[in-house]
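Heads up, the chain below is alone and in the form predicted on its own; it's given as structure tokens.
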Amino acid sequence: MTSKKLQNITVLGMGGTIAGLAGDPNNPKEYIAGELGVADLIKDLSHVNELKLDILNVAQINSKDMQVGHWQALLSSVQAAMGQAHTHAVVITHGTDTLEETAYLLQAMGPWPKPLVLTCAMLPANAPHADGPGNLKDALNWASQAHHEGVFVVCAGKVHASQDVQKITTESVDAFTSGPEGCWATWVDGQWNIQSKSMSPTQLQPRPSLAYALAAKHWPRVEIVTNHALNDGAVVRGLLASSDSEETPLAGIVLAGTGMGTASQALEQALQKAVNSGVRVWLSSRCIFGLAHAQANTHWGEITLLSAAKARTALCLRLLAEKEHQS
């Protein structure tokens, strides 16, 4: 009888709610993220003996505190895991708050030769109905079966593609959406039901080499500015006024514009001033399923089809790539 070959999966921990602990488990909204390591998260999963897992705690933070050093450590760890011939896939445990940004970063810095899967939780690990164990089990299952090279997010029995996923709620364990196109796959009757869908519009960006991104002490500073009623452009003027006094000067602005990516007249004037001073400006929509459009009729910014959060990451990478090209 031939024994079944175990799948090798590397699990990288970044902290987050999935690794969090509440002081009172019955009051799970008050907790500290990133208290547990990866070994604690996998020890009680029922099917771990079906897989061979290599684990590494890359960071133990609340993902709202994500900084360049954390992303660099994660990219380095993913690169190392992908370089192991025996590794079939990589799974990352991560906080929900900035998960979509990290997912986009990993996608942009690919392609990776093996599946890369992020998972998370909305309830801390010691909550009575913690969702983390189920999400991690699903992520490991998807990673072990996936034949698609790409970056995925697994949460609440759904698989989302990195270019589509967005967090849309703080009150449900099913916290993410892939928008009108729908998610990549869903868990139905004990198996993954892969959806037939077209890929959402994406914008391919120049990106730095992995070596350059890992070595850079500072990444370009890009801020998100939102248009809203009564917007007089003061935020942009303030960013420009304080830029020279910051350790990392302002290099880019992503506008989360109203509707199709529009800005008030006063904000337009401030953004034009930013462009004139050498700051790169991109336009996105603040609508959750909205896309910036040429109808915004602007000559002071570049339209992007990405959400504001992902556009900020993409613009940062483009500016870093340009800096590498100039060096």
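For clarity, every value in this text was computed on a predicted model and none was experimentally measured. Residue numbers here begin at 1 and follow the sequence given.
Below, we turn to the form predicted in complex with succinic acid, even though it does not appear here.
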The one residue among 207, 114, 167, 137 placing a heavy atom within 4.5 Å of succinic acid in the model of the complex is 167
The one residue among 271, 263, 38, 33 placing a heavy atom within 4.5 Å of succinic acid in the model of the complex is 33
Of 154-162, 248-256, 73-81, 117-125, the segment with heavy atoms within 4.5 Å of succinic acid in the model of the complex is residues 117-125
Check your understanding: Does at least one non-hydrogen atom of residue 95 fall within 4.5 angstroms of succinic acid in the model of the complex?
Key -> yes
Would residue 61 show up as a contact with succinic acid in the model of the complex if we use heavy atoms at 4.5 Å? yes
